[in-house]
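Take a look at this one chain, the form predicted alone, written out in structure tokens.
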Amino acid sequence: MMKIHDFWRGPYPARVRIALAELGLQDKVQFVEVDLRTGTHKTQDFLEKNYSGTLPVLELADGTFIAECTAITEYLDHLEGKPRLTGLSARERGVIHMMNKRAEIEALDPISVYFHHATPGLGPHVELYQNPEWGERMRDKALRGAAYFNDVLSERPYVAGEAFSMADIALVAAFVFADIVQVTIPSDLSHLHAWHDRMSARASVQGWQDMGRSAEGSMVTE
């Protein structure tokens, strides 16, 4: 059985959990909780699994570790040879990867920087260096990114085109993080909010926090 090392409240782990639900693979993984609040992800033991010290990390039965949400989603999406989240044609794959990266660069990652630099973040034992000014600038960047995606979604139903993809999942995660740190997405971005309402109605998005946590014995602590 595959293992997912993550933290059930984390916006980045949410991306993989949503992908698992979309692909119907929940029963093929065991969740291993890594407590971000105590800095477990920065210990030598964890760094041997993922040099970057970030979550989530997929552990395969042969001992292979795959980090980074995009890489994990690619792996999961191709397990059965019928990818649904990463594209079929060369064009689809190219556009999805482009928009997935833009969702990270323009929205999700800036909110993460804001969290780690302009708020208490994970606390003084984990946040060893903070630059509040940089954090605020990244918050502003995330809001500019929101305006960009509002324009994108005024022309198509999903972030990368006509079908739900991992690019939508990445932008959903940005909303998750924005809610945690209380960054308000302007209400006049109507296309973006309408898209988010549709995404929030998907079963995979509604249940990502309960995955693993609700099933007795399915999550262990690292």
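Each residue number is its position in the shown sequence, starting from 1. Keep in mind that this is a model prediction, so the values were computed, not measured.
One more form of this protein exists, namely the form predicted in complex with a small molecule; it is left out here, but the text below deals with it.
Q: May I ask whether Arg15, His41 and Val126 each come within 4.5 Å of the small molecule in the predicted complex, counting any non-hydrogen atom?
A: The answer is yes; Arg15, His41 and Val126 each reach the small molecule.
Q: Which residue among Ala147, Val95, Ile105, Leu122 has a heavy atom within 4.5 angstroms of the small molecule in the predicted complex?
A: That would be Leu122.
Q: So, in the predicted complex, is Glu68 in contact with the small molecule at a 4.5 angstroms heavy atom limit?
A: Yes.
Q: Would you classify Thr54 as touching the small molecule in the predicted complex, given a 4.5 Å non-hydrogen atom cut-off?
A: Taking the distances in the predicted complex, the answer for Thr54 is yes, it comes within 4.5 Å of the small molecule.
Q: Can you tell me if Leu36 lies within 4.5 angstroms of the small molecule in the predicted complex, counting non-hydrogen atoms only?
A: Looking in the predicted complex, residue contacts with the small molecule include Leu36, since a heavy atom lies within 4.5 Å.
Q: Is Phe177 close enough to the small molecule in the predicted complex to count, meaning some heavy atom within 4.5 Å?
A: Yes.
Q: Hey, of 22-30, 154-162, 41-49, 181-189, which bit sits against the small molecule in the predicted complex at 4.5 Å between non-hydrogen atoms?
A: Checking each option against the 4.5 Å cut-off leaves 41-49.
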